[in-house]
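Next up: just one chain, as structure tokens, the form predicted alone.
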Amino acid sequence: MASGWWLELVRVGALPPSVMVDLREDLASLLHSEVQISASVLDPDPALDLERRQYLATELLERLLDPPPAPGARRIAVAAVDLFLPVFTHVFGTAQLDGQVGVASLFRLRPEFSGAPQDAGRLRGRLLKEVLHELGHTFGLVHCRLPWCVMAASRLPEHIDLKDSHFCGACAPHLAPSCATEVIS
């Protein structure tokens, strides 16, 4: 069980600072842990794959490790660029399993990406859940079988909409006992 940890959010590129402020507030109310926004901004350009016109997520993870996070810290980057891993056409995010860093992108989470009208509230909820999901991976959590748990796998943004913004009773103790808002198996 993790204890004494805190979360550092890192803005990637031209992401509006207001997105980070809203995300910090949402995360702090759910996690009952300290959540800070880094003053530094990560430049995504070194991760750009010109052929794919996407950004290699693992390259961003590597860049998040320089300098290394403080002991007890988790560092999650938030981007507005299209992310990929070599074996996938795209990803909403990725993280080091049982590591300290992760990245999430709102690029494909935007409702208008799939032809729906803009919806700031839906986007905010999707980003929150994706960041929580990647944070869970940093604590060693794999995908949960409960479809409403924030650790459930999501292939489409609409799958994220179906999840709660909480960890289930089996997943929550890996972060801290206070992260379990319900104990349902």
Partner chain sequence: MTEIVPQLLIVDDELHVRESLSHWFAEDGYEVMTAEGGKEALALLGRRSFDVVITDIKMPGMDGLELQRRILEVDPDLAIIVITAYASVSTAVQALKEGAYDYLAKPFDPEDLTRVVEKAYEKLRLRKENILLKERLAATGPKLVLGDNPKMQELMGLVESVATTETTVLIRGESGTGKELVARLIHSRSPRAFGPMVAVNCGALPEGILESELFGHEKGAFTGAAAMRKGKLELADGGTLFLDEIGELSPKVQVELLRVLEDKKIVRLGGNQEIPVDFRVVCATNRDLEDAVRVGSFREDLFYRINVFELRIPPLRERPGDILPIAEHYIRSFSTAMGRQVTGFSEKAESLLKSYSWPGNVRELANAIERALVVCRGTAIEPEHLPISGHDRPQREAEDGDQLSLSAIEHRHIERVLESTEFNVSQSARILGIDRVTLYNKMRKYGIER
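Positions refer to the first chain, counted from 1. In this text, all values refer to a predicted model and were calculated from it rather than measured experimentally.
Not on display, but discussed next: the form predicted in complex with its partner chain.
Q100 falls outside the set of residues with a heavy atom inside 4.5 Å of its partner chain in the predicted complex. Under a 4.5 angstroms non-hydrogen atom cutoff, its partner chain in the predicted complex has F88 among its neighbouring residues. In the predicted complex, no heavy atom of H32 sits within 4.5 Å of its partner chain. Shown alone here, H137 lies within 4.5 Å of its partner chain in the predicted complex, counting heavy atoms only. Think of it this way: in the predicted complex, its partner chain has a heavy atom of just one of A116, V142, L65, I37 within 4.5 Å, and the residue is V142. Remark: of stretches 66-74, 154-162, 120-128, 22-30, the one touching its partner chain in the predicted complex is 154-162 (heavy atom within 4.5 Å). Residue R52 is the only one in 25-62 with at least one heavy atom within 4.5 Å of its partner chain in the predicted complex.
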